[in-house]
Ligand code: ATR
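What follows is a single chain, given as structure tokens, in the form predicted alone.
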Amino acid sequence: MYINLGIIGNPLQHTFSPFIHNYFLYESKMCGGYTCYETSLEQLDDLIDMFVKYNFTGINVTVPYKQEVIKYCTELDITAKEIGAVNTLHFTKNGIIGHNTDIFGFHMMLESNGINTQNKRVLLLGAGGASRAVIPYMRLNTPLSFIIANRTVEKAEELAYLYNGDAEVCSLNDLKGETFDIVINSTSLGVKGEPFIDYGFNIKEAAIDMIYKPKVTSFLSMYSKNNIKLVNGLSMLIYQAAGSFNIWTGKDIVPNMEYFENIVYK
């Protein structure tokens, strides 16, 4: 049986997901393919209908549709329901099931790099779709303090609500002179190679960027001389992909991170 898989989002020119999943298919000795579907909001209805018509098994969802696709789901798993964002659609006989494997990916990114947020002062930059994957981890690994900074404070307040309202919120411009143990960048600043804005805060232990390319993003580069851990988003991307692949196929994939790093950063 041929397994149809893919990803929807906009833009998708630089996505690494097809390579990851086609590699997973090869390693699992499964017949199938994974394709990009860059789409506009107006085309989303027709695209979902096409996936159903042609018996697709699964679709990944990336920016800016992680919340928009919820309306197509007949059911949400507990993680997707909890944070209000879907990155994995599973097409079944009982309808479309929405999942979120970004949470697993974020957890594995920190765990594989020996980072734990318990009793630490943690700053999250940004309150968009990517940031929602951080909240469940923080609830399980409770930091000493958790601050969400966003250009629009109202969006940070919405995200803080998912953290049971216990997170502090502020504008990005209010961070000058502050010191944090761990800082997580979930904004898109630097995704096109542009310089990261220096908001004047200090980092003592780890800088984490959800962007995975270049290897040292503009955010990480800013703190590269601080003798702290610098972690980009590649491991999160690979592990969330492994989570999606398991949902679609039942196959457990243990990603070879060294292999993927050599491919991405050669």
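Just so it is clear, the model here is predicted, and its values are computed rather than measured. Residue numbers run from 1 along the displayed sequence.
This protein has a second form, the form predicted in complex with this ligand, left out of what is shown; the following refers to that one.
Asker: When the contact criterion is heavy atoms within 4.5 Å, does residue 36 count as touching this ligand in the predicted bound form?
Answerer: Result no; residue 36 lies far from this ligand in the predicted bound form.
Asker: Is it the case that residue 100, even though its partner is missing from this view, gets within 4.5 Å of this ligand in the predicted bound form, heavy atoms only?
Answerer: Answer no; every heavy atom of residue 100 is more than 4.5 Å from this ligand in the predicted bound form.
Asker: In the predicted bound form, does residue 179 have a heavy atom within 4.5 Å of this ligand?
Answerer: Close contact is absent here: in the predicted bound form, residue 179 is far from this ligand, nothing within 4.5 Å, heavy atoms only.
Asker: Given that this ligand is not shown alongside this chain, does residue 116 nevertheless sit within 4.5 Å of it in the predicted bound form, heavy atom to heavy atom?
Answerer: Judged by the heavy-atom cut-off of 4.5 Å, residue 116 is well away from this ligand in the predicted bound form.
Asker: Just to confirm, with a 4.5 Å cut-off on non-hydrogen atoms, which of 169, 189, 138, 108 contacts this ligand in the predicted bound form?
Answerer: Among 169, 189, 138, 108, a heavy atom within 4.5 Å of this ligand in the predicted bound form occurs only for 189.
Asker: Which residue among 173, 92, 152, 164 has a heavy atom within 4.5 angstroms of this ligand in the predicted bound form?
Answerer: When this ligand is considered in the predicted bound form, the option within 4.5 Å is 152.
Asker: Partner absent here, but in the predicted bound form, which of 138-146, 121-129, 68-76, 81-89 has residues with a heavy atom within 4.5 Å of this ligand?
Answerer: Selected stretch: 121-129.
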